[in-house]
Each structure stands twice: as C-alpha cells, then as structure tokens.
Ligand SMILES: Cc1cc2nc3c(=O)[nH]c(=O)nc-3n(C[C@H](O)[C@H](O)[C@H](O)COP(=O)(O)OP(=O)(O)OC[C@H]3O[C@@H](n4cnc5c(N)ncnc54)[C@H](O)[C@@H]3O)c2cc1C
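One chain follows as structure tokens, the form predicted on its own.
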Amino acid sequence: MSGIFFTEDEIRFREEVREFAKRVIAPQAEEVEKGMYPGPLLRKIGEAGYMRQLHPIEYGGSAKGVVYEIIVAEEIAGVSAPTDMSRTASSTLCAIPISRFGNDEQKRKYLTPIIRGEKIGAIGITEPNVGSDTAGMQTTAVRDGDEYVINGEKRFITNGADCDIITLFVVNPDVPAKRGMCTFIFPTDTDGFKVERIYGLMGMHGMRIAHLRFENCRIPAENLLDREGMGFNILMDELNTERISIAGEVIGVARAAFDTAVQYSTERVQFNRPINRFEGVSFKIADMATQLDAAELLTLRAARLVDRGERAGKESAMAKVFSVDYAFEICNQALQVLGGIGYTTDYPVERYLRDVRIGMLGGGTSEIMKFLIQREVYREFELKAAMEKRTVPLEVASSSQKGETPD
C-alpha cells in the first residue's frame, strides 16, 4: 500500500516490524507450528516495544494508535499467525479494557507488565452456553464484603492455559442481562481457578486455547474495572478494536500466501513457459491483489476512525468480515496456483489456509458482523428519512398530507 494511505512514519515503522519479524519470529515459526507455545516470543515482542501501540505513554505504551497496531498484526502474523494471535490476546484483548477503563493503580499493576511482555494476558468472554449472545453470560460474581466470589466456566480462551491475568466478564445474578455485566482483572494464581482442558485446533497450532473453570474464586473488590454494570459497555468498546486487529492479522497471512503464489508462478515452468503467462493463473493473482488492497483500505479506514475517537462499529465489522472472507479465498487460490505441492507441507500455504479460518469465528462470527452492518445501515436510513421529513418545505408537507403528489 502506497504512501498515499500511510504516513512516512507508519511506513518506516512497518519496515522496522518486518525486519524484527524476519529476524526474531521467523526462525521459530516452524516450532510454533509444531505446537510450541510462543510465550518466549511474546516476551521478546514486548521487549522490542510491539505491544505498546494502543496504550498510554505513562504506563509504558507509545499511544501510537490502532493504525500502528494493525501494522504490527500484519507483519508478525505474516510470519507466524499463532504468535501474533497470542500477542493480540494479551496486549489488545486483555489490555484494552484495563487501559481504557482501569484506574491508575490497576494500570500500573497489571497493564505495564503486559505491555513489557513480562506477563501474559487473556480475555474471558465465551462460555459453554454463550457465544455470540454475550447478554446470556452465566459466570457470576457475588459481592462478599471487600471481595467478589466468582463461579462459572469460560471456553475458547486464547492464552488461557498460560496467562497470568484474565480480563474477565461476568454477571451479577441479581441484575438481569446486560445491566448486570461486570468486568474484573482476574489473576490466575487465585485459589479455585483451574484449566479444565486445552483444545486441539485445525489451525493456529501453538496457540493454546483453553476451557477454564472458576470455583468460589475470591478476588479483591479493587479488581473491578470501572463500576458494576459497566461490563457490557467495556466489552463493546474492546470488540471494535479486536475486530480491526483480527482484520490486520488475516491480511498479513493472506499477503504471505499471495507473495508465495506470485513467486511460485514466476518460477514454475509448464509447456516451456512460466505459469504466470497463463491467464488461468495470472487472473487469480490479479483478483488476489485487488482483494488484498480492498481489505487493507477497509481496515485502515476503521483504524483511523477509532484513532480519531469516532464510533466505528459498522466500519470495524465491515473490515473484519471482508478481510477474513477474502483472506480465506486468497489463501485457497494461492494453494490452487501452487497445485499439488501446495497441499503438502513443503510450502506454508496449506498452513495459511488453516490459520485464517479462525478469523470467521473469533471476535464475533461473520454472520454476526453482517447483522451489525445491516442494523447500522437501516439505522442510518431511518435517521436520514426522519431528517428529510423534518426539512420538507411547509407547502410540500401540507400537500403530501392531503394525498397529493408534489411536482
């Protein structure tokens, strides 16, 4: 993407992250694919300063914003998607609520070590009976003096088996639905916390996604983020940024697949010429290039809106659903360009295809993204219609009310 859309500083930053990813992440990418949890890499990423983009300077962040965050996501995910997903779960999903809603003491105690890579974070939302319907959450927190007692289960928790801190979403059982949702900073050394199991995954090998259990876990009341009943607002705020980060990650993976397909089609010779001379191949490359740029632009738009402090629910949903759908298509077509060898582990394209598939699920499914988009479209339509009705000239409004058609 040209300098028209990214500033010189952003382009320079991308080059720095790309060099870091090649030098530090790439040599261990194969080990992560074989199942190695990338915890040591998260510390190196933190030490290099690539977990701080979204957070205030006074707590160790750089306050660069979401655009810089998607640059990091693209470059690291393009080398090792599980490593970046684990990074994002810690420095974005877990840390954003603390960064935006925590008090000074909470930020210094919990946010700063996450930014530095000294501690690993996770976010606790999904439950065995609760996926997209977050208002149906069943994990509870009951006040008992200066503590809260937490009971319940969470599943599909990235970093869940290895994290030090969970930004945990729970409900007050005495307050219905969204109004009873609360958010806590939950240290995993708390008595009663248990890792129930670690899931085997289709892709994203090395990313340890866990099922967690909370049995009469007592945590201090001071670990409550903001105040009781604010959980749903905190969650919606976090999800907007999470969706943009996921878009950045899958773009990074798709671009790696695209680059592999371009190189292979240039080198592979059939019928005495490189296969990129055949339109059946080169047109695939053209489609992939167009889809990549479109995904990048949608994601960049959403990121800039958030950085400007604007609401971007529709735009972040658009960025995510478009990026993940076309990232999957790009990886699939890249495998097709490589032919039979693409289906083997000799090339990483089959891994890219498996890795991007999770993007259609995490942070809200593609179907939920489309629901959010259509809802905003109709809200905007109704608002526009109402505004136009209020600004219709008096004589036109009068004639319309009589059933007449104005000229």
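Residue numbers here begin at 1 and follow the sequence given. Please read these numbers as outputs of a predicted model, since none were measured by experiment.
FYI, the form predicted in complex with the named molecule isn't displayed, but the following is about it.
For the named molecule in the predicted bound form, the listed stretch (378-386, 341-349, 360-368, 58-66) containing residues with heavy atoms inside 4.5 Å is 360-368. In the predicted bound form, at least one heavy atom of Arg155 sits within 4.5 Å of the named molecule. By the criterion of a heavy atom within 4.5 Å, Cys163 is excluded from the residues contacting the named molecule in the predicted bound form. Contact annotation for Met181: none of its heavy atoms lies within 4.5 Å of the named molecule in the predicted bound form. Residue contact with the named molecule in the predicted bound form: Gly124 places a heavy atom within 4.5 Å of it.
Though the named molecule is absent from this view, in the predicted bound form it lies within 4.5 Å of a heavy atom of just one residue from Ser132, Asn332, Thr290, Asn233, which is Ser132. For the options Val321, Ala261, Met85, Val79, the one in contact with the named molecule in the predicted bound form, meaning a heavy atom within 4.5 Å, is Met85. Taking a 4.5 Å heavy atom cutoff to the named molecule in the predicted bound form, the contacting residues in 199-236 are Leu201, Ile209.
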